[in-house]
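Quick setup: one chain, the form predicted on its own, written in structure tokens, and binding and motion questions come after.
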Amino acid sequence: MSEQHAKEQQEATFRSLTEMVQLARKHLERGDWDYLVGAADTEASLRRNRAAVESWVFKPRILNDVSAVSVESELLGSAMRIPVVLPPIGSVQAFEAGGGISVARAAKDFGILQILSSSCSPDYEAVAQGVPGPRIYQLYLMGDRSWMDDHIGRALDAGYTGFCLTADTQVYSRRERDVMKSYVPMSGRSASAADGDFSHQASMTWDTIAHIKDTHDIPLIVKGVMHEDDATRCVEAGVDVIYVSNHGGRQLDHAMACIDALPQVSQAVAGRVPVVVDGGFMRGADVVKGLCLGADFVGMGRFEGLAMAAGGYAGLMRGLKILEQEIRISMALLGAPDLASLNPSLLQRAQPVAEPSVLSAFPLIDDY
């Protein structure tokens, strides 16, 4: 083990997720901070994601034995310590120099799956070489079909156990926080994203899905599903995991909240394949809400970025351990001893108690 890796293995010392966010804000320059917490245009989709998560409240059951709460499961053949995935984040190296490889180490050591973005560094082959083990590769299409096939084949050769296609990024959105500062994310400094060259992304169709399924022996995840009809069509096309997402509010402005799209998508999928959801999930209680409404796993992208900014590998490990505690405590107090016990009857809608924002899950952030 290198001296640097040994240093990374040390446990971060923050005591709460609020302290994690405070450290992240302290460590990041304004441009990188705004890139992490910002969204498209008016940022309505971002606020709606959080408002919707906060509008679901628990209806706990009592006198259930919760002396041993089980939160383990499996995704694409990999054991999952908690029902959380680390989503693909472009430019994750902006938050900590190790970038995708730091996330890979934390995911492996903690025991959950990472989805590695093609818009971050190190690249997918370097990450696989540095941290062998199961993970999913997410690819933006910056070339033709033969280009795509080449990268999927190389990902298979590198040991990736799943392939993720992001379907909600047909064009690159306008993110005013970035535009007003002339900020270009790290991924855009060396890639065509900065120039809006998404012609191959924009030309994706259902034929693309059919080609991948016919040509490559790798589980396929489609990310960006928000409509139940698309979920049904994905399952019929052989998609192996349905990923409900509006890109954290970073693509289409005024999109519906992901947690509000989730129940209809889950009903359409009808348990035939796993369902992942992201969008505004920041705390353990948020994860439990997503599971109650039909998700099998919850993606936590901004959480991942905040943890990385707070302390790289060690920060992400510490954040995940606190998140696990919050999930277990929420389930115990809800009267749910295992994941199978979570269902919609444990929730109802209510008025949020605070003005929703990207960081409204951390109301004490300025108090300490």
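In this text, residue numbers run from 1 along the sequence as written. Because the structure is a prediction, the values reported are computed rather than measured.
The same protein also exists as the form predicted in complex with a small molecule; that form is not shown, yet it is the one meant from here on.
- This chain is displayed alone, yet in the model of the complex one of Val288, Val84, Ile89, Ile259 has a heavy atom within 4.5 Å of the small molecule; that residue is Ile89.
- A single residue from the set Phe163, Phe297, Tyr124, Tyr140 has any heavy atom within 4.5 angstroms of the small molecule in the model of the complex; that residue is Tyr140.
- Only one listed stretch (330-338, 34-42, 64-72, 315-323) carries heavy atoms within 4.5 Å of the small molecule in the model of the complex, and that stretch is 34-42.
- For the chain shown alone, Arg48 is not a contact residue for the small molecule in the model of the complex, no non-hydrogen atom being within 4.5 angstroms.
- Although the partner is absent here, Gly301 sits close enough that one of its heavy atoms falls within 4.5 Å of the small molecule in the model of the complex.
- Using a 4.5 angstroms limit between non-hydrogen atoms, Ser245 touches the small molecule in the model of the complex.
- Under a 4.5 angstroms non-hydrogen atom cutoff, the small molecule in the model of the complex has Ser117 among its neighbouring residues.
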